[in-house]
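Just the one chain here, the form predicted on its own, laid out as structure tokens.
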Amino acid sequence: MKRSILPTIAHRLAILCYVAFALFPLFWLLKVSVTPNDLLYSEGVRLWPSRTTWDHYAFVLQHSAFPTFFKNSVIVATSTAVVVTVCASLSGYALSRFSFRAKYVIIALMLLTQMFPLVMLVAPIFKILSPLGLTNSLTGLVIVYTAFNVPFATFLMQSFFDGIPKDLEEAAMIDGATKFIAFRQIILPLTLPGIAATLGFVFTAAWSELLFALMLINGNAAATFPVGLLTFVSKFSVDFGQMMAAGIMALIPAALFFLLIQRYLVQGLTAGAVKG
């Protein structure tokens, strides 16, 4: 009995240590966000400050442009996630179900887009978007994020479609359904876990992206929150309390988004790994 219990205890302790290690940065983020400025350096390293304050949150909400950054990030991340998921669902279905001459050329080109470092593409993208007036707009960010996320999302959705038997579509078409109706009414409901996984991946990528948001946006009106966090860094000081408070509030939409799709997310992350 004792020998059989020991592996279980060790396994649970390992999981507990991993969870504590993963959540500790979030705890420290919260701790600094409620620590008064006069205690940030005077108290040294402590798990919790001797005195807490909500002044950092009040300043971020009332005296900074963070609400604008927050709104811009919600618009960009949500729009990108929806557009990419729709495009990836259609293209993934086409790659999974149809055979055509240029199929493997298209797959190779999509794989090729994932091989280049993003830093190499900043200048060409800026050169393309600038004459179109898209270098300082949320629309330009959505276009760029969509372009970079569609290839991976397409392969992700293709794996889910590959796991669905073709017999279901053939049976629906025998009953009089067209190819599109079979896709919309039969296949898509079965791929809801895959759609949720794709939405979660793309939303997170767009929500936390900094490089293109920093290079393509000039000014606070169209800046997203990763760029907005840099406004708390001045030439001679860093407002850690306000920055951490803004970071905590920026986590809320992502947490709520994953809370809404958690029913499908775990299933979706594993369903496409095995073809049925």
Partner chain sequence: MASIQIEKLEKSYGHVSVLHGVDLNIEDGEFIVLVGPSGCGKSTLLRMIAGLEDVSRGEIRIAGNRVNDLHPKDRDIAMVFQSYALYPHMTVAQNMSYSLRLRKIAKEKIAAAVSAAASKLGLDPLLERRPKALSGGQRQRVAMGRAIVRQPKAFLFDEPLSNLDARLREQMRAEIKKMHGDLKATSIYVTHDQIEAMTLADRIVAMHGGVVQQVGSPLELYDRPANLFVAGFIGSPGMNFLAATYSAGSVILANGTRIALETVPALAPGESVTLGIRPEHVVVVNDGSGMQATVELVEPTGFGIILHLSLHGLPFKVFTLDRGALNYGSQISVRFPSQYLHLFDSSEERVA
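Predicted model only: the values in this text are computed from it and were never measured. Residue numbers count along the first chain shown, from 1.
One more form of this protein exists, namely the form predicted together with its partner chain; it is left out here, but the text below deals with it.
- Stretch-level contact analysis of 98 to 106, 197 to 205, 166 to 174, 138 to 146 against its partner chain in the predicted bound form, using heavy atoms and a 4.5 Å limit, identifies 166 to 174.
- The closest non-hydrogen atom of P124 lies beyond 4.5 Å of its partner chain in the predicted bound form.
- Interface residue remark: K179 is counted as part of the site for its partner chain in the predicted bound form, having a heavy atom within 4.5 Å.
- Under a 4.5 angstroms non-hydrogen atom cutoff, its partner chain in the predicted bound form has L190 among its neighbouring residues.
- Contact check for I186: a heavy atom falls within 4.5 Å of its partner chain in the predicted bound form.
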